[in-house]
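Single chain ahead, by itself, as structure tokens, in the form predicted alone.
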């Protein structure tokens, strides 16, 4: 393989992982183009939990101070019974240093605004309404020295590296690995709804119900979101005009604050419903000079709150490796060595938590699983 630095990178996908990588590579002097399929750069969802390791990763990427003020910092996780009785409290760790919080809740829109603004200000060339149609790198060994890209608008470009950060149904994954497994529905879905934040929700609060978990996560001084996991056999299509009624129905086992909030869910347009789909690609996640990150290779469920965190850590590792003067295959092998087992642990553990819920297991140690996750993710990436 030809040794030499990567100077020009194409990132396909303008989500969390792609934007973090774009900013980090621009900081290191690399030329970065980013294409995003959406013509209007919007985001789907309500809020997101950034745990201890993600705070550290954002600090490593130099983005911490940009986004800290856009969310709600908190220190720990409280676990409660369905009626609101406290069961356990798990403290957070300030992995990024004592000057930063352990965790952060932030709305997806606020996070997207921060990350997209940073990438653009640092000189990322962004094109919306565009994706890739063809990738040509000779024999895919990386020896040709570049990737010739044909875009969906008919234009072309040549890059030292192409990064597929285009999500669960990745176009790049399909071009690179046509034999790859497809995403799998787990049997569960997640429901989300925003509410004004009362003072007592100054931490992530999770509530164990008989059929799933509910939770409250602060997003800002005056905003939080309620989430709920539920079993949905057959992955039914939910009627959009009935989402409020359906979410209230699934919240019936919960009392306390969650029960009170249930009665305030009256507008179906304010409910965000998403079936849980997972994917764990076998190694390697690259061929030649094309590599994947985030949901394109390790899509997980929200049970451990680490889906976006794993994509951000992918960006940290790639940004550290790519400017190094080494053969591209060696760099991407190091990426795999540092990411594969860690991501597989998160995917497998998150799926296990969902399987416990669907089996209505009362003999499992959910607190222990969360503590193990925090211990693993506290280790350096």
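Positions refer to the first chain, counted from 1. The model shown is predicted, which means the values in this text are computed figures rather than measured ones.
A second form of this protein, the form predicted together with a small molecule, is not displayed here; the remarks below concern that form.
J.: Which residue among 48, 328, 318, 57 has a heavy atom within 4.5 angstroms of the small molecule in the model of the complex?
T.: Result of the distance check: 48.
J.: Taking the small molecule in the model of the complex as the reference, which of 64, 70, 37, 336 has a non-hydrogen atom within 4.5 Å?
T.: That would be 37.
J.: Can you check whether residue 294 is within 4.5 Å of the small molecule in the model of the complex, heavy atom basis?
T.: Although the small molecule is absent here, residue 294 would touch it in the model of the complex, with heavy atoms inside 4.5 Å.
J.: My question is simply whether residue 274 lines the interface with the small molecule in the model of the complex - judged by any non-hydrogen atom within 4.5 Å.
T.: Residue 274 belongs to the contact set for the small molecule.
J.: Would residue 150 sit within 4.5 Å of the small molecule in the model of the complex, counting heavy atoms only?
T.: Although the small molecule is absent here, residue 150 would stay clear of it in the model of the complex, with no heavy atoms inside 4.5 Å.
J.: How about residue 163: is it within 4.5 Å of the small molecule in the model of the complex, going by heavy atoms?
T.: Outside the cut-off, so no.
J.: Which of 231-239, 208-216, 193-201, 302-310 has heavy atoms within 4.5 Å of the small molecule in the model of the complex?
T.: The contacting stretch here is 302-310.
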